[in-house]
Each structure stands twice: as structure tokens, then as C-alpha cells.
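This document opens with one chain alone, in C-alpha cells, the form predicted on its own.
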């Protein structure tokens, strides 16, 4: 797939699923299998727990993560002790998780592994920085269920999104929900035409601001500290009749609003921009849900691709073995 070559342009790439069983690990394995390891130092980790053969929630089979010889990986002390892969220890981080400190090692043979790396966005960012000592060229991050923090541009430079029937069993609804997430990922960067300081706004508010505050009434550009919620968005929407309003959020992972309210706000002339954004390289789909529902893969890929304007791949069905 073309995005394999694109991945090599970035220092860190997250693979994020919109729901469990949407093909995130299949996508990661596909990438691992095809990246060059002879001249590229690659490290892999997870912000959750990945690589189990059985899903702990649904009790369904899961694809395990297979590392290639020469790749580095970050996992917890507990899982490192249980490893079956032959490896060379490089670092023991001060970053701790519920399963112990984060261990960084190099795979000396090809084998399946359990990955349980840094458990928070800030810890993950520090761990990535620590890899500079090893000379890592590319870090692959397996995102966790419902935690898009790994995809924050403060942590990873680019991302691949996985979606599928587990997220919605109806193609129209699945396309709509996925397209909304893609729309948020692609929000424009905030540009202050009156100042060279990109962070300068008229005022700053948080999700807990007094919604009757004069800040919302009198400000044109409003910086949002923390999360943008439906409550705050509705309050700003109510002020649109008094003039233009632009909300400035740190990045798309801080936005927790309903599609209907978001689109109503935009239709009324409101704007939402971000201070930093990551690059969405591609979307992968899994048309099969754990409950047995199977969507038509070709229809899903075509419809979603047409809607979001990006390549969409069903890796399992199309088996792009010849694509390098």
C-alpha cells in the first residue's frame, strides 16, 4: 500500500482504532512486515495492552503482534519477563505502569510479543524521547480502546485510523461516524492574522467556565483549555448572533462534541481550529464484527473513501502481499 512509503517520512506514527476489533492490530502487523529494517531502526509499543491471542472483553480470537529481528520494542516488566522472543535489553525506564516499569529491548529473532508500554500520553512522549539515545528512526504506537491520545500531534507526527463493523453494523452509519472523526482530525490550524504569535487569542476558557460569562459574549477568538464539550460549544453557538466566533483547541483529541451540534455550529458561521495537527495517512477497515455481522468490504471501502477523500483499505480481504 502506498502509505507504507509515507510512514518512513515520519518519526512517530500511531495506529488508532475507533473501537475494539476494528483491525488495528492487523494493520500494525501489516506495517511491521513491510517496513525496511536493514537501514531503519524501528521501535514498537502500545499505550494499552496489545498482542493477546484472546480478547479479554469479547473472548474472541485476536491477531498477535509479531516483531521482526532487529526491531526494538517497549513493554512492561511483567510482560518482558514472560516473553518468548529472544531479545537484548537496552533500557529500563523510570516510567511505571500497573504492570511495572517500561522496558526497551531489541528483538533478536522473529516472534510474537505482548506489548504494554507507557500508560499515559505524557509518559509515552517521554519514552519516545528516550529512544534518541538508541538512534531510533521510527516509532510505531498501537493505540488503545477509545483513547485517541496516542494520535495527538504532541505525541505522534502521523496516524493511521482503523474502523469497521464493530464500530457500527450499518455502512451508512459507519461511514458517517468515521467521516466525522476524520473531519476533526483535519481541522484547520489556527492562524492569527493580526499577530505573529500563533497562540494569541482574545480570551481563554475551560470546560468549566461560567457559561454566562462576558468572555463568550465579547470575544471573537476563544482559546479552549482542556476539552471542548457539547456544553461549551452550545454556549458559544448561542452567542453567534452577536458576531463571528472561532474556538481554538489544542488538537482534535481534545474535542468531545456530538456531530449534530458540531455541524449546527459550523452552519451558523462558527469556526473551530487547532493549534497543532497530525497527518492522517490512511484508513483501514474491518468489515467483520465479533457478533458475526459482515459488511460488504468493497462497498464500505469505496463509500468511505469517496466521503473522506483518502485511501481506505481492507488489508485482510485484499491481502496486499506484493505492495512494498
Partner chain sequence: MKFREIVDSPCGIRYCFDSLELQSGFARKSLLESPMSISKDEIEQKYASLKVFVDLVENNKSLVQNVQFKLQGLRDILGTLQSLEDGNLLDDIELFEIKHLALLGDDIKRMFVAARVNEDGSACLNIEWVKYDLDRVIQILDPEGLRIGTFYVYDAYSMELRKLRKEYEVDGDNDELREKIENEEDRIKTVLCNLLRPYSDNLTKLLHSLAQLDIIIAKAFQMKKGEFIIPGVSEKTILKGMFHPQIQSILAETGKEFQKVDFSYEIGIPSTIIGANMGGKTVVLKTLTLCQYLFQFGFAIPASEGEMMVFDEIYFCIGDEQSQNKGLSSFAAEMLRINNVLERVEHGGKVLSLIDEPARTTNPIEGRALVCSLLKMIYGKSNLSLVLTTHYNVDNGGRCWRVKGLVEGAKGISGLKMDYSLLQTENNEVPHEAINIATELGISELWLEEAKKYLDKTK
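Positions refer to the first chain, counted from 1. The model shown is predicted, which means the values in this text are computed figures rather than measured ones.
There is another form of the same protein, the form predicted together with its partner chain; it is not shown, and what comes next is about it.
Trainee: Under a 4.5 angstroms heavy atom criterion, identify the one residue in 86, 189, 98, 169 near its partner chain in the model of the complex.
Mentor: Exactly one residue meets the criterion: 86.
Trainee: May I ask you to choose, among 183, 230, 157, 77, the residue with a heavy atom within 4.5 Å of its partner chain in the model of the complex?
Mentor: Answer to the contact question: 77.
Trainee: Check for me: heavy atom within 4.5 Å of its partner chain in the model of the complex, for each of 235, 267 and 271, yes or no.
Mentor: No, because 235, 267 and 271 lack any heavy atom that approaches its partner chain to within 4.5 Å in the model of the complex.
Trainee: Could you tell me if residue 221 has a non-hydrogen atom within 4.5 Å of its partner chain in the model of the complex?
Mentor: So residue 221 does not count as contacting its partner chain.
Trainee: State yes or no: in the model of the complex, is some non-hydrogen atom of residue 217 no more than 4.5 angstroms from a non-hydrogen atom of its partner chain?
Mentor: Heavy-atom contact with its partner chain at 4.5 Å: absent for residue 217.
Trainee: Within 4.5 Å, heavy atoms only: does residue 201 come near its partner chain in the model of the complex?
Mentor: Close contact is absent here: in the model of the complex, residue 201 is far from its partner chain, nothing within 4.5 Å, heavy atoms only.
Trainee: Against its partner chain in the model of the complex, would residue 207 count as a contact residue? Criterion: heavy atoms within 4.5 Å.
Mentor: It does not: once its partner chain is placed as it appears in the model of the complex, residue 207 has no heavy atom within 4.5 Å of it.
Trainee: Of these, 175-183, 116-124, 221-229, 86-94, which stretch puts a heavy atom within 4.5 angstroms of its partner chain in the model of the complex?
Mentor: Only one stretch qualifies here: 86-94.
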